[in-house]
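Shown here is one chain on its own, the form predicted alone, set out as structure tokens.
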């Protein structure tokens, strides 16, 4: 059974939550495990007309049968986690969620420390940078130190390897985007660790030889929250509104900067992540007639031409095409 890793191809906000939630329902994985940084990453899931904004719980929570795991490389803010458990209680997430003993713990003092970084380089202010810095110094508290987490603590790498041995399917979700990587991004305007596929695997404790597919998610245009370079940025706010590209960050609520699709960055993201396929989201924003389409042949001609042009440029097939916010508004070409 397959192990699939999903990561972002640009600067976050690519629509990973949509792709992950679709895969969680359609592919029916036994386990959905979250890697990445922590509560500085927001994933939005729209399911049955309701919108869920998540910063800790895996986006695959909408599959009622899936075991949900948070890997040891992830930072956890217990307050944020328990708020999300309350918001998703109709899905019985609490009884399905396992948190690794070695997740890093964000405390209130980390959030206060992050305020200065927020001013300097536009961080989310959620405390992840200071917490990861403290972790590198081997001073950070981890999951096993927090009493309220103990009922949910587990050995995430152990569970995943047991699942592989039992031929079960696993969906692994990354956070942020390739060019927010501490190593591969637009330093210093980056997050506090690497977020490419190899590191997402390390976050959950699974080796690369078990992986069948790496899906890199690109939005049909590029957005970025906060400072840092953005090639060919569209500065005319009226044009952004007219084209339906006006967006706000899931975590911070900050206005997202906008630019056209960047083929050069997309090619590099495919390379850095070892992608086997790509997903494209928000095609319906560029081509309103594509809204809700679920068959490739029903897309408008201009949309098909744009997809073919991107596919030629990035060198891997586009297999998933999102045509609207709901989980089921998607074209699956796998």
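Residue numbers count along the first chain shown, from 1. Everything quoted here is computed from the prediction, not taken from an experiment.
Just so it is clear, the following notes concern the form predicted together with a small molecule, a form of the same protein that is not shown.
Contact with the small molecule in the model of the complex, defined as a heavy atom within 4.5 Å, holds for exactly one of 299, 307, 285, 272, namely 285.
Contact annotation for residue 276: none of its heavy atoms lies within 4.5 Å of the small molecule in the model of the complex. Within this chain, residue 175 lines the site of the small molecule in the model of the complex, having a heavy atom no more than 4.5 Å away. Not displayed here, the small molecule is approached by residue 46 to within 4.5 Å at the level of heavy atoms in the model of the complex. Residue contact with the small molecule in the model of the complex: residue 256 places a heavy atom within 4.5 Å of it. Only one of 263-271, 299-307, 276-284, 24-32 places residue heavy atoms within 4.5 angstroms of the small molecule in the model of the complex, namely 276-284.
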